[in-house]
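Below you'll find only one chain, the form predicted on its own, shown as C-alpha cells.
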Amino acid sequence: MKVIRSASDYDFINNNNISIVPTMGNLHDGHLELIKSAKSSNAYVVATIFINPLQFNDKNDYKNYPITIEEDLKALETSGCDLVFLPSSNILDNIKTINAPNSANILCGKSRPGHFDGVLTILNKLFQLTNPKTAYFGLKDYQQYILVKDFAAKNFPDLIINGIKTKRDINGLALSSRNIHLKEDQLKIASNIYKELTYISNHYSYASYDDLINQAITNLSDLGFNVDYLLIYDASRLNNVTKSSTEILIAIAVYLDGIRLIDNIIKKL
C-alpha cells in the first residue's frame, strides 16, 4: 500500500479504474466495509484521510475530532487499500467553494448550517485530483449520499457513486467515529436508537406515522436522549412522503450526553 501526502505525488498513478473512499480518519469497520466493497470490483482503491474544517460548524467538534493515523493505515492495508492520500491543509488553498442545494437545509443540514457546503467543496477537489471511476459512501449519512450523488451527476457525469449499507454492532447501534466517546453503559442506551427506528419501520402506515414518531421521541427522551430530529421523507428525493411514495427514509439525529449520533432506516413500501 502506498501513502502520499501531496497532490503532485498522485501524478504517477496510471489507472483508469480508480475507486475513491473519502474519510476523515478514525476509521471503524464501517469505513473498512467501503474499502472491501470497492476492492471487490477489482478497482485500484484510493482512500483519503483529511479532517475537513470546512464541514464543521462547531470549532470544538473540529478540535476534538480524534486523530488515529497509524491505526488507520494498518487497518487500510489489511483491508486491501492500494493507496492512501493524506493531504495537508494546503489542499484548501484557493479551493472553489461549492454551495449545496436546498435539500441540504433539512435533516442534519438544518442544525449544521454550512456543513454540506464544506462536504461538497472538499469532495469536488478530491474528485478533480484523483479522477475516480467510482466512489463509495456509507448510507448512514443518507442525506450526504443523496447530495453527493446529485452533485456528481451534474459535475462528474462519468463518476458512479455507490452507497453501502450501514454497518452495526451486535446491539444494532450504527458504527460511527463518535461512538469512541461513549462509555459502555452509554453504548447500551444508544442501541435504543435503532430499536425505535425498527419499530417505526415495522409499524409504518401513511395514516399514522406522526403518532409513531411522537411516541419514539417520548421513549428516547425518557432514556436521556435530546432528539434533534426524527423525520420521515421520501427516500428518492428527500421531500415529503406522499401516498405514491415507494420508498421512505426514517432518519434520526440525537444527542446523548452531548454526543451527536445519527442513523436511519430505508423502507420499501
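Values in this document were obtained by computation on a predicted structure and should not be read as measured data. Start at 1 with the first residue shown and count on from there.
Beyond what is shown, the protein has a form predicted in complex with ligand PAF; the following relates to that form.
Partner proximity in the predicted complex, defined as non-hydrogen atoms within 4.5 angstroms of ligand PAF, places exactly one of 50-58, 222-230, 207-215, 240-248 at the interface: 50-58. Here is the short version: of V119, L147, V84, L173, the single residue with a heavy atom within 4.5 Å of ligand PAF in the predicted complex is V119. Though the partner is left out of this view, F137 does reach within 4.5 Å of ligand PAF in the predicted complex, counting heavy atoms only. Among heavy atoms of M24, some come within 4.5 Å of ligand PAF in the predicted complex.
In the predicted complex, none of the heavy atoms of I193 sits within 4.5 Å of a heavy atom of ligand PAF.
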